[in-house]
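This document opens with one chain alone, in structure tokens, the form predicted alone.
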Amino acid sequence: MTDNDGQRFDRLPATADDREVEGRATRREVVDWWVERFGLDRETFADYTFWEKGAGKIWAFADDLDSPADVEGLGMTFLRTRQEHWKPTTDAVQRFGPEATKNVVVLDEADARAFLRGEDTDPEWDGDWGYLIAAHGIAGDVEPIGVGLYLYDELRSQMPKGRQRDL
């Protein structure tokens, strides 16, 4: 086993048998998590490679490079691992969320506005606890807004401060 180098991007190993860095998520685990948590089709991620930079910061890249890659950024931030509960990023939810079939809470207009301001809400929800995709109906479609943490009948907005809006 080798150590994680937080200053460079390393491609995630395909499976646990390929893992060289203890605690590093595998491609299979990452894709399985999205499939199980949000009901996405596994093929959604077929053209993406997944990379770790830092401790558990997973990036998705719609191409491939030699690993390790000594660059500042690569694709989009995608998922936080190496913590008790994996957390999707706002970018990933906004990119892949329209294909989600479960754990999507559709907010009414007042709750959607509050969520965008970074406020907690208490929408009607009888699904799973944990990280959800917060969405809102816009022009006949349901569009993801961001990541919410649903605990104790409360949806806690996880909108990054720099992306919060008062509409």
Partner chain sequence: MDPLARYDPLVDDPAAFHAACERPLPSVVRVNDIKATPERVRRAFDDAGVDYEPVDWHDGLFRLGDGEKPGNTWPFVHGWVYGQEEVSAVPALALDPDPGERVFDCCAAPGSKTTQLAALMDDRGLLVGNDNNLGRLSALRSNAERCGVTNLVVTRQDARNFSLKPLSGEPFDRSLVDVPCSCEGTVRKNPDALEGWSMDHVEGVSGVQKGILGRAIEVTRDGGTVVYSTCTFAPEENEAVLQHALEEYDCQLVDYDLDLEHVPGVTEWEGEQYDDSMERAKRIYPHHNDTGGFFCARLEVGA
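Positions refer to the first chain, counted from 1. All values derive from a computational prediction rather than experimental measurement.
The discussion below concerns the form predicted in complex with the partner chain, not included here.
Proximity of residue 126 to the partner chain in the predicted bound form falls outside the 4.5 Å heavy atom cutoff. A residue is said to contact a partner when one of its heavy atoms sits within 4.5 Å of a partner heavy atom; residue 100 fails this definition for the partner chain in the predicted bound form, lying far away. For residue 65, a non-hydrogen atom is located within 4.5 Å of the partner chain in the predicted bound form, even though that partner is not displayed. Looking at residue 84, you'd find every heavy atom of it more than 4.5 angstroms from the partner chain in the predicted bound form. Three-residue candidate spot 8, 25 and 35; no residue lies within 4.5 angstroms of the partner chain in the predicted bound form by any non-hydrogen atom. Applying a 4.5 Å heavy atom cutoff to the partner chain in the predicted bound form picks out 62, 63, 64, 65, 66, 70, 71, 72, 73, 74, 75, 76, 77, 91, 94, 95, 96 from 62-100, in order along the sequence.
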